[in-house]
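The chain below stands alone, shown as structure tokens; this is the form predicted alone.
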């Protein structure tokens, strides 16, 4: 556990407040409004999605690899969801669950910072039931704005170092498709209340198409 991870956990919610108020809060609410069944959320952080889950869920399992974040998550969890929710320490690219365990998996602002997007998506696909849904909000490379890509590439080494391995130039939409998911819905958006280099965003639902 590093000093950097301690301070990132301590100040993460405050650092996200402006963007949450400008757009992320409404995006989270909209994305999760119809989710149901047994749900897994990867990289849950401090638990910012907790208040957006509907009563239609059967069970909610949260994973978080960083101990400082996990401590805050568990404290927040006690006040919001109760018995139908648990939180465990676990990395997204090595999920501690059997195959076909969940009806839905949620990832919000996570795939930018995992060590391997391919491994993480493979694990998500593995634990999803056939026909299960992957709900995501992720910031991505600015494919439609080449000038912004130059700035993303310029700032990326600093961003990775200071922001918990967060990458600015990942083509997460292509990664999700290449992992074998079929998009049920996808929106290409621009976030507000954040630096331009992290504003290109995708939001949607992809279906686990395995037989």
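Numbering follows the first chain given and starts at 1. Given the structure is predicted, the values throughout are model-derived calculations rather than measurements.
Another form, the form predicted in complex with a small molecule, is not on view; read the next lines as being about it.
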Quick check on this chain: which one of 88, 141, 72, 109 has a heavy atom within 4.5 Å of the small molecule in the predicted bound form?
109
Work out which of 48, 57, 160, 186 lies within 4.5 Å of the small molecule in the predicted bound form, going by heavy atoms.
48
Spot the stretch among 143-151, 174-182, 57-65, 30-38 with residues whose non-hydrogen atoms come within 4.5 Å of the small molecule in the predicted bound form.
57-65
Applying a 4.5 Å heavy atom distance criterion, does residue 114 contact the small molecule in the predicted bound form?
yes
With the partner left out of view, is residue 101 within 4.5 angstroms of the small molecule in the predicted bound form by any non-hydrogen atom?
no
Though only this chain appears here, would residue 92 touch the small molecule in the predicted bound form if you measure heavy atom gaps against 4.5 Å?
yes
